[in-house]
Structures are given as C-alpha cells and as structure tokens.
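Okay, so here's just one chain, in structure tokens, the form predicted alone.
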C-alpha cells in the first residue's frame, strides 16, 4: 500500500525551530527551516544529519517550502542551504521573499556582530540562499517536477504567510505553517477549500486555549497602557518587527487620536520603516478595510508613533515603546527591559507566545530575580502583563480549519506536548479521524488509499435511476455496474452496450451455474413452490417471480428443481446467474444448502 511519512526535525511537541520532512509518492519535501529562540548552541538549528550524515542535501530533497518570514520558520535557511549544502528550489510567497532576508540579516548582526559567535552564516550566504528562492502566488498550482505540485493558500498570521497543499498523483498533504482563523485590523482570516488531504499538518501553539473576544482584549490593553502613562510610568511592548507590531500600532494610534493624549509612543527599530514599506508594497495581502482606505490614507503612516533612539530610554516622564524582539531574548527590547525593570510604576506587556528559556517566558511565570550575563542579578519590580494578541489559531480555530479542509488524518506540530495531547483527543472524538503528534526525530507513517476518479456516462446514470435506486449522494458510496474504459490516462464507466459499440465488439453472455442437493419428500413442483415461499420471506426487498414454466426467478437468477429416478426424495436444485448477481447467487446457494423450513 502507498504511504506518506512525516518526521519533524523541529517543532515536534515543541514551539520553535519548525522543520518537517515529508515523504510522499517517492518525493521528499522540507516544510520550513527555522531556528529555536531558546538555545544559543547547536540545538538552535534542526539536526540535518537525520537526512544525511555526510554530503549535501540536494540529492535527498526535491524542494523546500517556507510558510512565512518568522525566524522560528526560516532562521536556519542560509545555514541549511549554504553551510550544509542545498541547491534545489526554495518556495515562498512574494512578501516572505522580500522580508525574510532583512530579518535574517538582523538576526545575524545580533548573533555575530554583537555576541561574537562563530560557525554562523554570513551576509553573503543570505544573498546566495535567496537566489534559490522561487516565489509563489496564492491559489496558483506550481509544478515542481512532472509528479510533484504545490499550491499556496492565505494563512493570515503575518504578511505573506501561506498554507501549502502538496500533491503527488492522488496523494496529498496540507501544511498550515502558522495561521489565524480570525481577521484582525490589518490581515484577513486564513482560508482553504475542501481539498480533503490524506493528512493535515497543523500548528497547535494554543491547543487548549479558546480566546475571549478580541474587543475585550483590546479594551483591556488600552486601559492598562493609559493607566500606566497617566501615573507617569513607562510601558514596554516587546514585539517582532512585523505582524503584532503593526496591529498594536494601529490600535494605539487611533486611541491616542481619540483621547488626545500627549505621551510619546516610540518604535525602536530601523526595521519598522522597511516593514511599513512592505505593507504598502504588498497591500493586496492585507484585509479589505486597509485596501479600501489605502487610496485616501495609508494606515501604516503614523502621526503619534515616532522612531526611537536608545538615549530616550533614560528620559523622564511617561512613554510607550515598541521594541524588538518579542520574547525579550536579545536586542533592544531586552536592553530597555533591564533599564525599566526596577521601577514598579512601569509595565511590560507581552503580546505573544514566549518560548521556554527566554526572559519573556521567565517573567510570565512570575520570576522576580533574573540572572543576566556576567552573573549579575536583575530585580523585576515593574508590572508584567500577558495579553494574547498572538496571530495563531486557538483550539476553536483549529477545529474550524479541520471542518473546512476535511482531512482523512491529522498531525499536530508547533505546540507543547500536554496541550497537544488534549487537542488530539478532542479531534479524534469529534471528527473520528486519527490524530498524531510525533516528537522530534520520530516518524509517523500514514497508509493512503488513493481513490481513482472515474467519469460516468449519462446513459448509465439514467438507467440506474430508472431501476428505482436512490438519488446519487456524494456522501453515500454506492455500487454501480458498468464497463470501465481507460483511454489517454482517463477512466470512464459506461453501459456494456455503449462499450461494445465504441470498441466494435460482439456480446457474449457469461453465466454461473451451481447445483445444490437436498432431501425433500414432496413433488418437484411442490418443492419449487416451497423454495418460492421461503425466498419471499427471506428476501423481502427483491423482486421474486414464480414462472409457469417451472422456474423461480430472483433478479437475473434462475432456479429449477429436478429429482433423480433412483432416489425421488433427493432433489437437485439448479441455480444459474449472470456475473452482476454473483453476490446474491452465492448467498442463495448457501441458503438452500441449509435446507427448507418444514
């Protein structure tokens, strides 16, 4: 039987370092190639030695697909293609292709230039890696080679994020990457058609969460920011440069305008100018409201939000600062946090998920003393708030996507084991499909049962209807009898008469005959009458006729009775049927072998 094999090299019962290997129809595909925010050693990148111990990856992979530009999905790409070695195609959408190299370069600067790490990719390697990229358009089917095709769907989450359907022949896999099923202020909701893949690989970051209404969360967020600013405190909002940042900027910009507030709002990063430039460039990827108002006013040109300079962090008085990165594991957000952590007037609002090992994760778990570099201890006195503005699907969203795509199997990645376990049970219960959650390096094998599409002739359908069968229903399989004709790689089911005509053949009748012996003291005519009565009581939904020429007919089956001259009580029952009634013929011969009721 054909099968599909799936092995996570990263994001198996874990968030971060997304990298999933899929083997389907003799093709090998790598889905995402990310790095882990919680590690600074070799564990930061996926273990590519799983694919091959030595040599390049080109011989082993048919293509690489990147779902979106977040570093936990693309951060290991230059390392994989330039240092380990891969020359094949790398597929991603146009916005991802534009933004990915900027984030990779920013990540490289922090790691190499500031921390002085070696064994890391260079700026040139990022450029060389991006030359291998083939851009994808939404809903466009791309032929990777003769057998392998891929198609991208809108995923929400961040600008340019895509879900991907991978097809080889009749087998298919859908990989969601990260997605969001609720539209927000700047992006639409994820969407996919009823493609019924053999397996749907879904992220499960918020596997056990059902988020409250977005409006309540936004009101809460604005209230907390406003209260802190009113009492003269400073608010730090760690974000990643693209995505939640734009969402929260639009929210604060409109609130500041409405309330006529004077406290400064800053955005710390040279990336934001570039980010807003890309939002303008790829306006078609945003939601309808932004596209509509774009002609009169660009939502990404802010009046109240100014560029941040690191000297501003020491300024007296209230302020709001958006700083990158979002998990407080390095960079500007961590520097500002260290300066403001000692004052209880201040507040840090964590708007998204934090990976274990990051400062963000530690303070959200209530840690009040943090060990920083050089054994220094940092006292955390400022208020810590967590408000999920994360653009991931919650449990309700994941279930919604399953209803949309109708997969035959489900596989969860990009989540915590305990939460996955809970969602896995819920999915299996509600949808009666198998759900898997492999750990890193563990392979899940799905046996596929590909269905072969066949065109049915109208005449054959009309004949079936005339016989009084139920109306055709896509959800209820039924048996159809006809002749299968294969021509130019397509299959057609037609009536035998049409097949004979098309192929210029003459018809031959094929019938099966069977003899059953039974002891019965009655005459042949009476025995036949008793068989007729018995069959009428057993086969209530069939048409059964007692014909004057001494036969009983059930569908195409003819039944006759004869007795031997030597032994008149020994009756020989002859059954004869055409191939269409093979099943019914076998049933009747077995039934009559058991004898007649007395």
Partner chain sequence: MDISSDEAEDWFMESLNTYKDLHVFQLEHPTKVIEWTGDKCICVAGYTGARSEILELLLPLKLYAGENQGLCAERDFKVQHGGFSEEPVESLIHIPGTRCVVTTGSSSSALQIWDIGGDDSDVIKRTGVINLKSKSSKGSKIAPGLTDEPAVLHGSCISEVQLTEIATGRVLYTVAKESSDSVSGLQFVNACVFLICASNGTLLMGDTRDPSTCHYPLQDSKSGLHWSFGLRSDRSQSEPSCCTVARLSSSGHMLLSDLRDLQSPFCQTQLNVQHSTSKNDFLNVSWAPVLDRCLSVSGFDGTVHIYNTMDWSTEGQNPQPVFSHRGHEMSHEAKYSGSPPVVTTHSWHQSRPKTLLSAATDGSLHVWDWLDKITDR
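Source: prediction; values computed, not measured. Numbering follows the first chain given and starts at 1.
Not on display, but discussed next: the form predicted in complex with its partner chain.
Participant: Taking the shortest heavy atom distance, is residue 191 within 4.5 Å of its partner chain in the predicted complex?
Facilitator: No.
Participant: Whether residue 337 contacts its partner chain in the predicted complex should be assessed with a 4.5 Å heavy atom distance threshold; does it?
Facilitator: No - in the predicted complex, heavy atoms of residue 337 and its partner chain never come within 4.5 Å of each other.
Participant: At the 4.5 Å heavy atom threshold, is residue 216 in contact with its partner chain in the predicted complex?
Facilitator: Result yes; residue 216 sits at the interface with its partner chain in the predicted complex.
Participant: Is residue 363 one of the residues lying within 4.5 Å of its partner chain in the predicted complex, judged by heavy atom distances?
Facilitator: Yes - in the predicted complex, heavy atoms of residue 363 and its partner chain come within 4.5 Å of each other.
Participant: Name the single residue among 211, 196, 132, 109 that comes within 4.5 Å of its partner chain in the predicted complex, judging by heavy atoms.
Facilitator: So the residue touching its partner chain in the predicted complex, by this definition, is 211.
Participant: Given that its partner chain is left out here, which of 220, 147, 82, 502 has a heavy atom within 4.5 Å of it in the predicted complex?
Facilitator: Checking each option against its partner chain in the predicted complex, the one that comes within 4.5 Å is 220.
Participant: Based on heavy atom distances of 4.5 Å or less, which listed stretch (370 to 378, 447 to 455, 250 to 258, 84 to 92) is in contact with its partner chain in the predicted complex?
Facilitator: Among the candidates, contact is made by 250 to 258.
Participant: Would its partner chain be touched by all three of 22, 41 and 63 in the predicted complex, meaning a heavy atom each within 4.5 Å?
Facilitator: Spot residues vs its partner chain: no contact at all.
Participant: Check each residue of 397 to 411 against its partner chain in the predicted complex and list those with a heavy atom within 4.5 Å, in sequence order.
Facilitator: The stretch touches the partner through 399, 403.
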